[in-house]
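As a starting point, one isolated chain is supplied in structure tokens, in the form predicted alone.
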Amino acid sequence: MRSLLFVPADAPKKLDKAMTSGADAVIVDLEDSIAPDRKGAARETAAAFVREAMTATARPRLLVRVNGLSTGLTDDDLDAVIPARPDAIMLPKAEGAASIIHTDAKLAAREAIVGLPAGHTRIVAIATETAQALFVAGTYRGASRRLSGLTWGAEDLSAELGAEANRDADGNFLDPYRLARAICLAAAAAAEVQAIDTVHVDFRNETALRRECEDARRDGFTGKMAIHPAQVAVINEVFTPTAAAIAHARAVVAAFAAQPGAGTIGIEGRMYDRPHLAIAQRLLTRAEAAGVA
């Protein structure tokens, strides 16, 4: 998933528009974008939308962001949406393996009740929204086969830290949030799941969005969340491997295949070792998923 577009669960017109936005995934949001007195109605709208959208022949992946485990609202969210068979749920304010194991059990029970195959519903976790989450981010590995991605967030974390801002005057993340970003990236690598970059809230600033996407791709993130359909095209473009990158990756893979016992190989006067082979293989996998391999 290169682009994951948030849409409030109680906005049917926006949900319909999201389906044709070009996003790889649509996140139907029951958490932050829904007022407390609107949660019940939003669950009904979310379930109806997902149920209908899942029948489309060509569709984005469908995720539902539920309310966090500490809110007491998660069970009601899952009761409403799991019968609609979403591809995944997004778990906010996750705090390491324990929260994933807990959520896995909730999903397993509901899948059994509605007749879904065990493990149908995947989990993407937001891994940095509380201070405690930063200290347990290394525990996700092996927590559940459902876990397919980790992402991070700065807004809730800044509120918990009591910070006045999470970005500087130029729009760059400040040190506590750069730390959270790095921890998320390392946690995803350790858990062998997708690392997804956080949202860029200034959705009209395409230049800044592109720069942030390019920085994220450079560092190892393979996708980014969006808060507006206008952001999707840039995110997809930046996280889709270019023809030149694909050609180079193929050359690296072919060179190692020609010398299977080699630890290093030379291509056009430059040396490449096994880590470069792993990077090339991952890039080709992403290219295939994007349909450009």
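Numbers follow the displayed sequence, beginning with 1. Source: prediction; values computed, not measured.
Just so it is clear, the following notes concern the form predicted in complex with coenzyme A, a form of the same protein that is not shown.
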**OP:** Answer for residue 65 alone: is it within 4.5 Å of coenzyme A in the model of the complex, judged on heavy atom distances?
**Re:** yes
Original post:
Would residue 13 sit within 4.5 Å of coenzyme A in the model of the complex, counting heavy atoms only?
Top reply: yes
**OP:** Evaluate residue 282 for contact with coenzyme A in the model of the complex, applying a 4.5 angstroms cut-off between non-hydrogen atoms, and reply yes or no.
**Re:** no
Original post:
According to a 4.5 angstroms non-hydrogen atom cut-off, is residue 173 in contact with coenzyme A in the model of the complex?
Top reply: no
Original post:
Among 142-150, 176-184, 81-89, 198-206, which stretch has residues with heavy atoms no more than 4.5 Å from coenzyme A in the model of the complex?
Top reply: 198-206
Subject >> Candidate from 51, 228, 248, 59 lying within 4.5 Å of coenzyme A in the model of the complex - any heavy atom >> reply: 228
Original post:
So which residues in 127-158, when you check coenzyme A in the model of the complex, have a heavy atom no farther than 4.5 Å from it?
Top reply: none
